[in-house]
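Here we start with a single chain on its own, the form predicted on its own, put down as structure tokens.
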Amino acid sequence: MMSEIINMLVFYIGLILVFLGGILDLLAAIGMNRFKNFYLRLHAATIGAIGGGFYPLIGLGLISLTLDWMGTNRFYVAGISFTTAFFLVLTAPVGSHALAQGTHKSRIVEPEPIVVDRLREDEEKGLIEK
């Protein structure tokens, strides 16, 4: 009895995470279309990658753990989902940071409106390479 309640709770938490990921993907797509600046669009893309990828993968892993008809394959699906979500959380912010830093250093896109640019100040002082 208690096991069935826990399975149902985990299943519905997984469904909520999958739907949350879909909503975040939709918001990221709207942000990619509406934002005018490269850096804001990069932020929206990162939210789409992390929020739209991480939460559904965790939800899929939780859902697969509750499906008894899958047998032992449910543990493989859950393990792959959790591992992929973990690597996504590790690599997506690093990739977006590298894109932003490379774009800033090459001065292809100027951040607008600019209030303070500590990176450019450090370049002018010679503290870091241009």
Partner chain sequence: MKRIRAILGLMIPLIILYIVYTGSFNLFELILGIITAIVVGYLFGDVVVEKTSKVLDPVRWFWLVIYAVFYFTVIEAKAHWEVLKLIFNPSGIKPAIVRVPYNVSTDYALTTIANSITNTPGTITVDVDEKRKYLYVHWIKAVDVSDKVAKENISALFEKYAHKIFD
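Note that the coordinates shown come from a computational prediction; the quantities given were computed from them, not determined experimentally. Numbering follows the first chain given and starts at 1.
What follows is about the form predicted in complex with the partner chain, which we do not show.
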Can you work out which of 16, 119, 109, 10 has a heavy atom no more than 4.5 Å from the partner chain in the predicted complex? 119
Although the partner chain is absent from this view, report whether residue 128 comes within 4.5 Å of it in the predicted complex, heavy atoms only. yes
Under a 4.5 Å heavy atom criterion, is residue 50 part of the interface with the partner chain in the predicted complex? yes
In the predicted complex, does residue 42 have a heavy atom within 4.5 Å of the partner chain? yes
At 4.5 Å between heavy atoms, is residue 27 in contact with the partner chain in the predicted complex? yes
